[in-house]
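In the form predicted on its own, a lone chain appears below as structure tokens.
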Amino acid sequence: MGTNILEIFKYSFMLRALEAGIIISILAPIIGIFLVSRRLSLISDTLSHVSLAGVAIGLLLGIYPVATAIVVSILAGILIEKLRGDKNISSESTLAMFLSGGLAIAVVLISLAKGFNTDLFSYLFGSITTVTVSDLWTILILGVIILVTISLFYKDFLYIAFDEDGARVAGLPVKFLNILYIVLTATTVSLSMRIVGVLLIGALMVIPVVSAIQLKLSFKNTLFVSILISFVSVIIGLFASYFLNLAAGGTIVVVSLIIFGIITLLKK
């Protein structure tokens, strides 16, 4: 059995999937913890549906789908943030419009491209065999940029997450910081497509964070624990999807749900 497990490292596609998965397992909860703190968890799901439209545009035009997904989701994220500031439209309504609208546009574009194909299916649910070298480099470079940006603005994001009005009174550029954070979120969602899939990335951003919150630790320790849970979920999920021939994204999310269930039971 040990030999079989080690055999996984002989395949370059599996090594790429593991490397990309490790980066995503760190990025997802770091973005997710601020979304959960602000009760904006649905933003990740909304942007994932919008990024699906970006993927469809890329496949239709023959452009690198991750690039088009990033551009479309960033533009949608900025527009969502602008509309959230409009007191006549609630945040929930704004997110609902973009979630259903993004999915509708994706469906229309998919029908123009004459239905689903293998490429699109891998973006929907994640596929460990389709992580290319260019995917890995894109995830690595943009992942480092996201982590550096989060570390630079960590205290500001933390302040806004718990007291946006107080941050505004304190003189922080709240509008700029909100737009910056939505751009980071949109980029992370788009980068995660190959591993988790656009329909499940929201779960990887939220479930490890909610699991860690059950332990009632400090914010920083909650963040570390959520990263650990995400990392374990991704590694076990990728191994299980390889050996059991399962969809990577679904397997990763199921593992994270099992961990959540174990933590909840132990807590009781």
Partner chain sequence: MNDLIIQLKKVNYRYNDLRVLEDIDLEVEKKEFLGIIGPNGSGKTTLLKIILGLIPPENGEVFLFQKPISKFKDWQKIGYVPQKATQFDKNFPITVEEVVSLGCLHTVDHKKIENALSIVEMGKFRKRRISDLSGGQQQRVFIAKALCSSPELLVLDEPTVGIDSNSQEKFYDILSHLNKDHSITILLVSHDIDVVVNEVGKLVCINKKLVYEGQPKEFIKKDYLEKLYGKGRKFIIHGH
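Since the model is a prediction, treat every value here as computed from it, not as a measurement. Positions refer to the first chain, counted from 1.
The same protein has a further form, the form predicted in complex with the partner chain, not shown here; the description that follows concerns it.
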{"item": "Residue (of Ile145, Ile89, Leu112, Ala170) lying close to the partner chain in the predicted complex, criterion heavy atoms within 4.5 Å", "value": "Ala170"}
{"item": "Residue (of Leu79, Ile179, Leu140, Leu158) lying close to the partner chain in the predicted complex, criterion heavy atoms within 4.5 Å", "value": "Leu158"}
{"item": "Option from 198 to 206, 50 to 58, 230 to 238, 32 to 40 whose residues, in the predicted complex, bring a heavy atom within 4.5 Å of the partner chain", "value": "32 to 40"}
{"item": "Partner proximity in the predicted complex: Phe219 to the partner chain, non-hydrogen atom cutoff 4.5 Å", "value": "yes"}
{"item": "Ile213 within 4.5 Å of the partner chain in the predicted complex, heavy atoms", "value": "yes"}
